[in-house]
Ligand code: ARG
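Here we start with a single chain on its own, the form predicted on its own, put down as structure tokens.
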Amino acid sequence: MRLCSCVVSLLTLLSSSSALAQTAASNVILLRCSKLLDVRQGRYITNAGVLIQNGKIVSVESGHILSPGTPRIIDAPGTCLPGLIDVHVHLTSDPEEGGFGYAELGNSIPREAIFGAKNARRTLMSGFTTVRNVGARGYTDVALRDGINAGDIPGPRMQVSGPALTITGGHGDDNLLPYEYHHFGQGVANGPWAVREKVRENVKFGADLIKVLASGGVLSKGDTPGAPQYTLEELKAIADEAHKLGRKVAAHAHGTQSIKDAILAGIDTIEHSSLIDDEGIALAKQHHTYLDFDIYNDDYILAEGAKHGMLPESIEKEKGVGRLQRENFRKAFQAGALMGFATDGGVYPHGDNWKQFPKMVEWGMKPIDAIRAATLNGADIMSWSDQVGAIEKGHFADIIAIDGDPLADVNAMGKVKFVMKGGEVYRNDFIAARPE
């Protein structure tokens, strides 16, 4: 009996070891790409093999190297790139579902959370595996991020801000409602100590970064895009408090003075940057501040905005800043300013983020510059350069494949056929395209 017990114990141990080995092996994937874009070097690796284990990249080789014992091989016959990064989206906003003007008043916070779940999936399937959500009511973006991280719903990796900070009556306050409602936006705070308190509140409820509305805006009632909102003193207080708490700050700033004030205050990224002047560009370079220009959505606002509820005054405001923003984008790029890929997704339908690539090329960039803005630069903005933005050892296996050569025709960025995030395949149209 004693011998039998030993044999049983040994068999049990061997069985357990075998099961563990199989589990470890099942987490190994070899992704074979017809060609892979090394975004750092700006060149292709042909017949590339990406070895992935436990959701992270182990190695990248040329020649479709077969790894002995690799249980799963995935072929991507298109062009592989790192998963894309958009550093300015609003996933809980939806332009096709009453997202603007008075129609927006009919959207409850729970309804916006549902928008977020739908739009997160759309965004991921279009090849954007990482985003920064800059502004959402009721911390719906916090809940969305947490749901994605828990595996409840598919979506990109997220950094989120919660409600954006704004002044009373400014862009971001609820100016559509009359006085008798006595209603103010969730992010309203005035004065250096009040804004510090609001920063602390956002962090308490889960914000990864702080969004501040430094100037007026386009899609709001009663303000002008170029008008300063927060003072330099208030902006300094916001940046100081956020940085003490380990958070970066993104400043919505169309206006010339607000852009310069935000840079001088130590804010990390300038969103929109529409009316930046030469001095502002020079300051951004001096302070290593990223400029984020959303130069695609001018097309959508002018063509589709009115039918989706944008106020007539908003359309007129866009006419006043849209062309100038694109011209200043070109000036900032030619001057060598740091630039991210920031689309303001939610002003236009989610999933169309790629449409900014051809606009960036039209207004001065080469395709590789635009792609780097949406990979390496986005990762730097989010302080995730060791995790995303490149297909390199140690990074998450966030990899997409497209049909075409984006360096020859940047419109190929809209032809996403394959999406992997963290080693998990969410889309693979190459399989569907194979003949029976």
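Predicted, not measured: the structure shown is a model, and the values here were computed from it. Numbering starts at 1 and runs along the sequence shown.
Just so it is clear, the following notes concern the form predicted together with the ligand, a form of the same protein that is not shown.
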Would residue 189 count as a contact of the ligand in the predicted bound form, using a 4.5 angstroms cut-off between non-hydrogen atoms? no
Do residue 301 and the ligand come within 4.5 Å of each other in the predicted bound form, heavy atoms counted? yes
Flag residue 297 as yes or no: does it have a non-hydrogen atom within 4.5 angstroms of any non-hydrogen atom of the ligand in the predicted bound form? yes
Given that the partner is absent here, does residue 344 sit within 4.5 Å of the ligand in the predicted bound form, heavy atoms only? yes
At 4.5 angstroms, heavy atoms only, are 171, 219 and 325 all close to the ligand in the predicted bound form? yes
If you check 94, 208, 318, 234 against the ligand in the predicted bound form, which one has a heavy atom within 4.5 Å? 318
Tell me the stretch among 177-185, 246-254, 193-201, 138-146 that has any heavy atom within 4.5 angstroms of the ligand in the predicted bound form. 246-254
